[in-house]
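As structure tokens, one chain now follows by itself in the form predicted on its own.
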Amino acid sequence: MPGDRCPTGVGPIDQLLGGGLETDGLTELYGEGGSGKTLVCLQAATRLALADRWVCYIDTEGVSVDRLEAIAQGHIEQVLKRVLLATPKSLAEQTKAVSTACALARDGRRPVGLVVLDSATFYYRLTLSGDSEDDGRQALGRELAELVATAIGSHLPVVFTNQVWRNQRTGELEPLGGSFVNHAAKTIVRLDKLTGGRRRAVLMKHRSLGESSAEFRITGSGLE
């Protein structure tokens, strides 16, 4: 397995990514609700925590502790000791949480193995209904820029999840934030809901791999 990859622990997704998450850039996961974005993040976070690496997890939508416990498979206490969880309640608090996570990663006193922002656009979306869209876009842009700099400077995988909107012209689901968000990510994966617990991951962007797809399944103990 390539040395510059960080496996998520989800076999089909790791194969899709050529071994796992790249360790010097941002990976964007986008898809409709229930497509498995958070579960992929939790699976990766659990794997790193059990390897005694610290995980900075910024949660804007409410992580299920029960789901994390199921993924940890009897090792939840060990996982929780290594997951630094932030739960911002506004875009301003999210920006502060990103800065704190990046500072911890750069500091080096704790071996941070992963930074997760789940989701990056929850609070940004709220600005779209008012007159503060420009402020929201600037805040999100600064967050992504700081995450990019941290990923490169600390040789660290960073994952952010993104919500979607339906393009009325094409009927397709597209990630929020447009080109400025997509440009920040070196890797972009779209997650699709299939029947039952089946899901499909589609590699939309990668600096060295072509577009491809893989299927996985949501189970009671995580993803397989």
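We number the residues from 1 along the sequence you see. Fair warning: this is a prediction, and the values are worked out from it, not measured in the lab.
This protein has a second form, the form predicted in complex with guanosine-5'-triphosphate (GTP), left out of what is shown; the following refers to that one.
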Quick one: in the model of the complex, does every one of 32, 36 and 199 get a heavy atom within 4.5 Å of guanosine-5'-triphosphate (GTP)? yes
Look up in the model of the complex whether residue 53 has a non-hydrogen atom within 4.5 angstroms of guanosine-5'-triphosphate (GTP), and give yes or no. no
In the model of the complex, does residue 67 have a heavy atom within 4.5 Å of guanosine-5'-triphosphate (GTP)? yes
Partner contact for residue 172 in the model of the complex: guanosine-5'-triphosphate (GTP), 4.5 angstroms, heavy atom: no
Heavy atoms within 4.5 Å of guanosine-5'-triphosphate (GTP) in the model of the complex: which stretch among 177-185, 44-52, 152-160, 59-67? 59-67
